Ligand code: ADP
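The chain below stands alone and is given in structure tokens; this is the form predicted on its own.
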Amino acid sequence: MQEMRPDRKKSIPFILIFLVVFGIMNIMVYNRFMKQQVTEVGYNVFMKMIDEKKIKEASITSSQIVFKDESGEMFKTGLMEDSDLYERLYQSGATFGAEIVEPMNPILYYGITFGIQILLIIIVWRFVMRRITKKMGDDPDMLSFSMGGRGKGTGRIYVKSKNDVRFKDVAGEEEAKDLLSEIVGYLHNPEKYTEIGATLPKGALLVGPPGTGKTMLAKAVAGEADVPFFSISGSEFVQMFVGMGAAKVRDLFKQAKEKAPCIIFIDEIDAIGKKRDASLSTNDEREQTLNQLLSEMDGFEGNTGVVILAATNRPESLDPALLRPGRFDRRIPVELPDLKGRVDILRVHAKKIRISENVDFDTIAKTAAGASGAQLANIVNEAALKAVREGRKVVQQDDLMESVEVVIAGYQKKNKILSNKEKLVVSYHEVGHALVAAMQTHSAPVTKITIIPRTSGALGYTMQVDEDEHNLMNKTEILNKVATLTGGRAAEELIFNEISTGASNDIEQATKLARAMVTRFGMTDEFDMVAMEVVTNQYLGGDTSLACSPETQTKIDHMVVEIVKEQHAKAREILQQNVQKLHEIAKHLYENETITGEEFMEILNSSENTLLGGQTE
């Protein structure tokens, strides 16, 4: 690897600034401490001051007399023939004989001190530059390519170190690793590909939800290829002054070409790669930066050995010119991990902590369905923290299960106390969800019911875990899920003949599912397979917007209301038919605050009937 040296020419402005600052400070010091005025007076004034005994010190030379008064002010006068001069000075109490040195000429003094300061600045500057250069050459983990001038980049370049990220450190994304392994192979052995006429892919775009490991995959490519890895965020190109972002792009690619073969990784590329609009402004900084990026990516010659990796969770917002082959030849999805991927990720992170041998990662992975790699790493860490809080040195299964709930619903709010009435309502509400789910064929089995408040705001929740991984949901499954979501409110209506605010989140989710059935999934006879809704930002929660006439929107609203009402009635009917079990399970939950799926099924399958608090239909 070539040694990376700071550009000394670009250090000249800083040296000049130092010199100006030191000069100003020097003038201030001179005016305050060094500068003294010597007042030239006539010999008669000198004689008068002797008579008035105002002279404190005097120095007589062959050509002049220099003297000071009591305040220290300095005077001088010409020498005249005066035989009694020394006697009068003695009688006045003045000190004389020692030479009084006149102050140095201000211009001469400033010139000498300024020259000394220039010399000191040069010495210090050379010392600092040598230390920086030595540090950049010796650091095995990171070299910062310093951008001294305006418009320079602030990227970081990672080179080989003892703690390299490799593909084995990235679990749950096997397809993405397979696609990226070809890039690694090309960087290792380009002749193998050039023999057949293949060229190195210029770029690969990693797309997926936050926390799925896009940045780690890019680092793993650099670690496997054993080449320099330039890392920079898209937001670092965005500058207030027009042209600065483009200059940063030019400098980044210049550095990369000098260190080829290498990898450039641009995180959150949507910050500079957004689609260009029809704005009349031709001086837009973001657009100029994008144009420069497009030019640099297209300007590489055949086999320069520079590969560009970029990551984003908003691929739909990127400019088409940026996505075309020749710039980004590959689009690599980095999706949420499946069941096997979650197990692998948990095992990778579990190696970093002390963990019990009997931990069942499959059960934890099923419970954490839909979690990203970052969330799974957080689950393992939360489990370790819980073990430490409880004074144990080994993480157990219960710690991991509790940490899943912490990530999903937040910590337990131990200081939040529910009244007996509220606790009773929450018990029936949560059991209503669980009972409706259990009585429907296509609903996921209940694994836990709790009425302990959480920091997310939930006063309780029912956890359901699918036995198998599902990628598709049919109409019946969606309707059953809507019915399960309405089960809590249905239980409140059935038992208390009253409703509470506890179903707000259930209502939101049920409405969202019912609307998706009508507008996106084509599950109604009215609209058949016509899409009435457009989804954007699919990796950031999925914002939706209707794409239909106002009249059609009115029909959609009516259909959504009908679907939710039908499933609400269905849930109420299920609970009506199993009201004794509702009382029995709610009683057990009220007394214990938390029950497991096994306890729930045991009570559900038993023949005992017990009423809670004398409540009846």
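One-based numbering along the sequence shown. The model shown is predicted, which means the values in this text are computed figures rather than measured ones.
In what follows, reference is made to the form predicted in complex with the ligand, a form of this protein that is not presented.
Checking L293, I449, L435, I345 against the ligand in the model of the complex, a heavy atom within 4.5 Å turns up for just one residue: I345. This chain lacks the partner; the member of I408, M297, A225, A377 within 4.5 angstroms of the ligand in the model of the complex by a non-hydrogen atom is A377.
In the model of the complex, G245 stays away from the ligand, with no heavy atom inside 4.5 Å. By the criterion of a heavy atom within 4.5 Å, P210 is counted among the residues contacting the ligand in the model of the complex.
Although the partner is absent here, A260 sits far enough away that none of its heavy atoms falls within 4.5 Å of the ligand in the model of the complex. Not displayed here, the ligand is approached by M216 to within 4.5 Å at the level of heavy atoms in the model of the complex. Contact annotation: the ligand lies within 4.5 Å of heavy atoms from the stretch 368-376 in the model of the complex, the single such stretch among 368-376, 492-500, 417-425, 400-408. In the model of the complex, not one residue of 474-510 has a heavy atom within 4.5 Å of the ligand.
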